[in-house]
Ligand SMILES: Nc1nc2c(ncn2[C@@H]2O[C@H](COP(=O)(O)OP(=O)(O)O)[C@@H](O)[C@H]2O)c(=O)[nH]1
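Next up: a single chain in structure tokens, the form predicted on its own.
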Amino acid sequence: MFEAKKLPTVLTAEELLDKAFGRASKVSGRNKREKTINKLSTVSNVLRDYFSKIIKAHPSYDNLPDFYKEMIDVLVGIRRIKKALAALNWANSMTQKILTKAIRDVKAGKNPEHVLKGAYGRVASIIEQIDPELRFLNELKVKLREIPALTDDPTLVVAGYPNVGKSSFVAKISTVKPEIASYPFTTKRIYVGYTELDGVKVQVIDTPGLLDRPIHKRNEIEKRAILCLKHLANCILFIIDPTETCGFPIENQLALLDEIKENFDVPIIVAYSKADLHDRRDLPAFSSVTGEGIDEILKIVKEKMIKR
């Protein structure tokens, strides 16, 4: 599971230089030559350790589960992240070469003050060049927090127009109160609940703002974000409100169902909600108010998940 919160805060170029040079200013030595070598070595160690920490904290983006890989690519671009990390790797290599040569020069008898000043200037120039990349990586952590941290458990995605009864169904079957998870590209958030089917933990996701209106009316970024769900869903429960009290005619609801069938190659269960308000039973029907049909729906979900 990918967790953006594990990514470290990234310093700006100015902050990183202050850290490295500040640490170096506190070292001592028996003479000017030794003190200069210790300063250069300290800067070298601070920068090397810092760059290594930032680079190693990032996962192998190409090897992430498809859902997270797709979401990160939509949100910020995996190629852009690789470019920033490569810039840090380049800066690490260049600064280490500069500092290693400077230490050799001091040991060879060159003026310590001149060598130190020159090395600091070149190191600062390198670090300042990657300031945009450092800032990008720091902002990246915030942006990636928009991607919900989901589990690898079998997943049921609940779809259908707004107000058809998705949220109440998820709340009804969840063993704990559904958690709210942020999701990019929508002002709303997804709701993640969990239930157990014959001892198997199942993740149940309600998708307000995503699979609740015609896909063909979305822009390309939204479409791509929505289709990320195909990497996550093991099964989709599409809920229809035959009473139309949700505010949408059945024809519209069925049209959305057809679009989802075209775009998702997973088992799709179609069920009526609000069974306490109508007598239609040509499809499985449930009521989150009375509890009617809930067990039947879960039985069908279990069968579809097992087949999957």
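We number the residues from 1 along the sequence you see. If you're wondering where the values come from, they're calculated on a predicted model, not measured in any experiment.
FYI, the form predicted together with the ligand isn't displayed, but the following is about it.
With the ligand left out of view, the stretch that reaches within 4.5 Å of it through heavy atoms in the predicted complex is, among 249-257, 52-60, 274-282, 32-40, 274-282. Although the partner is absent here, residue 96 sits far enough away that none of its heavy atoms falls within 4.5 Å of the ligand in the predicted complex.
Contact annotation for residue 287: at least one heavy atom lies within 4.5 Å of the ligand in the predicted complex. Contact check for residue 162: a non-hydrogen atom falls within 4.5 Å of the ligand in the predicted complex.
The ligand is not shown here, and in the predicted complex it never comes within 4.5 Å of any heavy atom of residue 195. Interface residue among 234, 168, 138, 203 relative to the ligand in the predicted complex, by the heavy atom within 4.5 Å criterion: 168.
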